[in-house]
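Presented below, as structure tokens, is a lone chain in the form predicted on its own.
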């Protein structure tokens, strides 16, 4: 489909010189994808030859097709790490890094920028702690005058709304930030987060050159934000500059394992990704700086044909916005060298899968856009990779299912596995004969015939082991390379707690990841089946903290994986011990999915690992200043001045608490009282807030005179004329003093 382009003549400045040439980009992409293609082709030929030796089966064509697709994805991911290692070895000077433009640049920023943090039913004390830390960090960098801040609330929980108002007010008082830090709440959160950002861009974006988009759990160093803004100012072709956020503050085994893996392996993959995408990068939705004008003009998301889950509003907006930006000639880069950029992860495997449900639907919607007109090839690759991140699971499931079917059919028919003449051997022989026509290539011909002789002696099991070895290398070698690099580099080794914790951590991460993968594969398969059946996802707030998954919840989420594991294990054992052994990593993962999910969700086990420095990350051993600032900001909150005091939280506080009431009423538009509001207020006073429907409660909370009138009533009427909740809230202010303490 074609996306709208209302202002096609508003591209980037034509006079600015591109940071990299088309030739450089072409060479790099040819090398990268050429390697991926060659490795996958060799692996495919090897598997076909193996099947040919054993005797072709009717299902082998499907298995081979699936293998080429899935192994191609595996190779694509692994090559990012391999190229990243190569780029790292070549050194910083020879690497391409867009933020080098801002190196050694000083002086005040010349344009106005804004930091925006969308929130949706979040713990606002922690959110404001992060905003305050970023504010102070930019202030310390000496560039506060160039930035404004917006908290963009889409909160639907009315208690959270009141808490947000009070927390924002308290933060502005501490920072003297009124007029610098703004709070805005949408009454209708249309189009989720994309609509939230879009609403800001339409109403206030024109005041700013660029906006730093964060998530509610994002944290960024002020100096790095200034560096991003300076790069944006110095390079006028730049549309989006994405940073690679690190995971922090993991408590459970699951999150600690995730943040350890991302922290240790991530830099290699990030360098590899930057190697080929260059100026046609992608946007990950947060911890990025975006030039407002082209974003406003070109990145309005089109509605997809049909209804959700596959049609309707685009759920995952970021990849599409980056593709629209690149399509119009603006450049999107990855700032791989930015280190002070952080986020938090879902605390358990179950919460991780709940978030995946949203991302799965959003990414699969991109199937409409992969072949959109005028999208550049790198943008199509990004969209395809996002789709396959979820579609890969049912394809792996089918691959294993077909493999089991072939094994079952052979066992049932009693066919032997006697090897026949390999087609690979025939190809090698023909190639050696062809090469021998050129005398200068005689050594090559000799080596090919030597390889043919070796292949002739090879048993099918050996050939299968070689293929499996290739897959294992693709899976684990990047991790081993990252481990070797970290152990050999003293500062890096010490930042992870030492060599022994590093080695043990990598070993544990590989084992746990291997056994969790089948449960994730089954869960993703069911997600996609549900979408095919028409089930769409709702917009729920993300769980950021919990002390573990209950056994009942684990059974409900992983029950299908466990049942499939039991049935599959029985079938594999019936086919034969050797087949069961080949399948054992998958089957064990399915059988252990429930206890694995529960045990890795426990914070106490995560803390036990932390005490041994296992799964430790540099930010945990030596917290950066921005994390310390955020902790201090949260600790500085006066509990008496929040809307979270016991007995008078949220809506109750907005009516009863003089300070909260004053904050809330002062943020509402002035309006006259009317009879409808008076009736609702009286009902609320006599029957309690719970007696009103949510829309009635929201309606009256938006009406300042009614909220003020209720505040006066709860403090002036006798308690027996009010609902008991108001009396209890007022009583919570009474200070009881012991007589002998006077």
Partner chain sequence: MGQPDHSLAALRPLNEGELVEWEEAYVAVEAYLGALRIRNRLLVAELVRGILWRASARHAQEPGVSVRSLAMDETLKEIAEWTKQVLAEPLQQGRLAARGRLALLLTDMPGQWQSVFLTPEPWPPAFVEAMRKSYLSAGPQFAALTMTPRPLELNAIGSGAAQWWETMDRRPVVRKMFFFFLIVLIVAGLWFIFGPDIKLPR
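Numbering follows the first chain given and starts at 1. Everything quoted here is computed from the prediction, not taken from an experiment.
Not pictured, yet referred to below: the form predicted together with the partner chain.
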So which stretch, 705 to 713, 22 to 30, 38 to 46, 686 to 694, is the one near the partner chain in the predicted bound form (non-hydrogen atoms, 4.5 Å)? 705 to 713
Using a 4.5 angstroms cut-off on non-hydrogen atoms, would residue 307 count as touching the partner chain in the predicted bound form? yes
In the predicted bound form, does residue 17 have a heavy atom within 4.5 Å of the partner chain? no
In the predicted bound form, residue 657 touching the partner chain (heavy atom, 4.5 Å): yes
Contact with the partner chain in the predicted bound form for residue 293, defined as at least one heavy atom pair within 4.5 Å: yes or no? yes
State yes only if every one of 373, 639 and 669 has a non-hydrogen atom within 4.5 Å of the partner chain in the predicted bound form; otherwise state no. yes
Can you pick out, from 498, 560, 585, 662, the residue that has a heavy atom within 4.5 Å of the partner chain in the predicted bound form? 662
Listed residue (489, 103, 202, 94) with a non-hydrogen atom within 4.5 angstroms of the partner chain in the predicted bound form: 202
Hey, which residues along 285 to 302 are within 4.5 angstroms of the partner chain in the predicted bound form, non-hydrogen atoms only? 292, 293, 295, 296, 297, 298, 299, 300, 301, 302
